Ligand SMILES: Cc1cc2nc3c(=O)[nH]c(=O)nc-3n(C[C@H](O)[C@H](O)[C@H](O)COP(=O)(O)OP(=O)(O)OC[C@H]3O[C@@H](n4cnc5c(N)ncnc54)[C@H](O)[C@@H]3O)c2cc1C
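One chain follows as structure tokens, the form predicted alone.
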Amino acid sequence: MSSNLSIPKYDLVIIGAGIAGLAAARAAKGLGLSVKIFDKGQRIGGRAATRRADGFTFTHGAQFLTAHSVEFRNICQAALREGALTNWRIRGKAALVGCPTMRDFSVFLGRDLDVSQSVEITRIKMTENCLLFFDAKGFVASGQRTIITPPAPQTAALLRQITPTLAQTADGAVYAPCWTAMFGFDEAPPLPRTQEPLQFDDGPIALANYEANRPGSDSTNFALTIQASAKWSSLNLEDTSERAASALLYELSNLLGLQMPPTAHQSCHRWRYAKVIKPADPDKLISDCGRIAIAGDWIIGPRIEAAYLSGLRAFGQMTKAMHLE
């Protein structure tokens, strides 16, 4: 086995199939490199997430995206042309949303990429010739370079022993958590008629969206997604999912003065690393050896576009270090 490890299998191994990882992988593949992505989740996209349960569809992660930079506008225009994105308006301003779900944008970005799901890389070992990647069961793959894109605390833990400087950079990012509750109904709930999500500046609820109103959604998708505020989520972070869901539905019902019909589905997802409130904002995203780089929205700020740009930036610094331009 050791003799086989002397020759890297991949030019680039990327940890995490969120937006940053997908952006870096696309750029690397565009230069003809062999690229492998490992992701511990069951679906690509990270927090640009969609969940299906009991016949209902929920957007339980990022609700929409915006595009300001040339690089991100270009990829969004391509996704619009292919129907993976569609236009929306949030608080009267132009926005984009995955069509028919947020995950469809991630699927568009991940097309033709080599992604292995449900594989959590727990250790990376550096050798003179390559990097070795291990999960809990043992050796998984080898590569010449790697870009690490999970949330900052997970990135820091993975890199602490092999590149303390990048781990320290990741330690500088700060997140707010978010409880996201999901409810399905056999009939349409009596929510206010609006094409936009309901957003609140104070109190326990940050956002509530009736999924049937989402552009491109099925009008019979009687599904409600509630995202708690950062303060409420922090105060109730260790609640059970059942208690968090019930509390959030109660709070929204009181806030709107409504009585909700019985639920046919009820669940809750705890995002411990939901929104970046203090990005790391480093100038250098690569290790001194030039073989390891970091990326993620925690590098720049709490937007899907920021994650995408961080992936391009990390790979760009890596190509300069390794003279791959």
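Keep in mind the model is a prediction, meaning the values are calculated, not measured. So that there is no doubt, residue numbering starts at 1 and follows the sequence shown.
Quick note: we don't show the form predicted in complex with this ligand, though the next part is all about it.
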query: All of 45, 120 and 271 with a heavy atom within 4.5 Å of this ligand in the model of the complex; finding: yes
query: Heavy atom of residue 280 within 4.5 Å of this ligand in the model of the complex; finding: no
query: Heavy atom of residue 151 within 4.5 Å of this ligand in the model of the complex; finding: yes
query: Contact of residue 285 with this ligand in the model of the complex (heavy atom, 4.5 Å); finding: no
query: Interface membership of residue 63, this ligand in the model of the complex, 4.5 Å heavy atom rule; finding: yes
query: Among 296 to 304, 50 to 58, 27 to 35, 258 to 266, the region lying within 4.5 Å of this ligand in the model of the complex by heavy atom distance; finding: 296 to 304
query: 178, 223, 170, 248 - the one with a heavy atom within 4.5 Å of this ligand in the model of the complex; finding: 178
